[in-house]
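Just the one chain here, laid out as structure tokens, in the form predicted on its own.
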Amino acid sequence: MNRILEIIADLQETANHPAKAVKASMKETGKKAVGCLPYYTPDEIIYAAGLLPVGLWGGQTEIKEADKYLQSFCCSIMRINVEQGMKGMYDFLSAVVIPTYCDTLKCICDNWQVAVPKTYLIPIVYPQHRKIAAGVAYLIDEYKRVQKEFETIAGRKITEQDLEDSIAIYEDYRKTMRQFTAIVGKYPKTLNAKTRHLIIKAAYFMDKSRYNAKMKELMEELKKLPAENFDGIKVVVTGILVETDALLDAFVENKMVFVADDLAHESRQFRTCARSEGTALERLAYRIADHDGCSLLYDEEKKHGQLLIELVRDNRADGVVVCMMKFCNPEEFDYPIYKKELEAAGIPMLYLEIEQKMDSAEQIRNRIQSFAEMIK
């Protein structure tokens, strides 16, 4: 048990102090770092270049300077990213990759070069119709373009073998994380909502091969323990991400464990595998084409609701918690559709509107407590 606590403490330290962790990883590996804004970026290409992909998902920072460039109705993750960039917190990065999934991200691309001129910008545009042949072909061309950018930063060419080796490491990461999230229900006390979140978050600030090794060791140690008795509530959580600390603490206080998630920051990153056939870039493009149930990716069949229902049933969850990022239009447009489906399936649901920077979480804490009492 001591080793388990040591590994968890190490990963929590990484998640809570990302800049320190990234700089330590850069020193350890000798790699330059590239920042990756939400939601999906070609991390495998970055890694194949011998660079370190770093997730930039905002933080709990007070917004002052970013208001010069982004309106108050833009989502807090993007406003905080610009704020942190303007404060020089990303100056140690060799570049920042910004995908354009929503209107706010498009605005950031336009403003980044002025607001954060020291950090080189690499924009990438994903096709809306990603499943058709033209969409896949277009995305492959985009990947070829950004690959050249990463080659310039790294000072070397990226070979097909480099890409295949990188994909293998990321596929190992995705498999490992699917295994990890599947065992949370057996250890709900050790892997409570906050601990689970921080363990997953740590991956954004470490070299993936080192993170994979640490996660495998953690799971091997956990398997030596008997399943934990738990009299709390098991839920599936959906949304972009679940932060702040006060929000996560409220779930823990009310004995609410995340037995599964549909979060862009967490399981949406690793639930879809790359195809086994084709060139490396074709496999990466088809992974985006095959990814379903995400509000940021056009989904004609609207599979989000059925995905949540299956997660609830497969994990014997008591309900669904919706953590709606304020002003996130793609998520807000999806909500009425899957809300009706969850209600028709008789699944209890809690809706929470959140921001990364909240002055008070007391109202949300009360709603979580009420939901917990209702379930019980």
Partner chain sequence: MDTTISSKTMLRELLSRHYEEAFAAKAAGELIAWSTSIAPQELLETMDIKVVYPENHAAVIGARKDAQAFLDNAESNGYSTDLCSYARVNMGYTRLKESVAGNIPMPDFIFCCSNICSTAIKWYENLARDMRIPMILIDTPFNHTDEIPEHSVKYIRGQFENAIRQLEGITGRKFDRDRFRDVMKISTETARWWKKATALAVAKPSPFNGFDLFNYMAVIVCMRGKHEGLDLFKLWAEELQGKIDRGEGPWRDQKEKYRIMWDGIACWPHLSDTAKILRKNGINMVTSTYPDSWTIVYDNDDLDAMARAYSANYANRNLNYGINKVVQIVKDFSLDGIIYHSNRSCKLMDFRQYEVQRQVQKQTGTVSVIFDGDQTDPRAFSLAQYETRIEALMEMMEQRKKERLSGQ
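Positions refer to the first chain, counted from 1. Quick caveat: nothing in here was measured; it's all calculated off a predicted structure.
Just so you know, the form predicted in complex with its partner chain exists too; it's not on screen, but the next bit is about it.
* Just one of 171-179, 70-78, 184-192, 282-290 has heavy atoms within 4.5 Å of its partner chain in the model of the complex; which? -> Of the options, only 70-78 has residues within 4.5 Å of the partner.
* With the partner left out of view, is Glu142 within 4.5 angstroms of its partner chain in the model of the complex by any non-hydrogen atom? -> So Glu142 counts as contacting its partner chain.
* So, in the model of the complex, is Glu228 in contact with its partner chain at a 4.5 angstroms heavy atom limit? -> Glu228 lies outside the contact set for its partner chain.
* Is Pro38 close enough to its partner chain in the model of the complex to count, meaning some heavy atom within 4.5 Å? -> The answer is no: Pro38 has no heavy atom within 4.5 Å of its partner chain.
* Asked: Quick one: is Gly135 in contact with its partner chain in the model of the complex, heavy atoms, 4.5 Å cut-off?
  -> Although its partner chain is absent here, Gly135 would touch it in the model of the complex, with heavy atoms inside 4.5 Å.
* To do: Would you kindly say which of Lys106, Arg271, Lys208, Lys214 lies with a heavy atom within 4.5 Å of its partner chain in the model of the complex?
  => By the 4.5 Å heavy-atom cutoff, the listed residue in contact is Lys106.
* Only one of Tyr90, Tyr204, Tyr101, Phe251 has a non-hydrogen atom within 4.5 angstroms of its partner chain in the model of the complex; which is it? -> When its partner chain is considered in the model of the complex, the option within 4.5 Å is Tyr101.
* To do: Taking its partner chain as it sits in the model of the complex, which residues of 279-318 have a non-hydrogen atom within 4.5 Å of it? Please list them.
  => The stretch 279-318, when checked against its partner chain in the model of the complex, contributes Ser295, Leu297, Tyr298, Asp299, Glu300, Glu301, Lys302 at the 4.5 Å heavy-atom cut-off.
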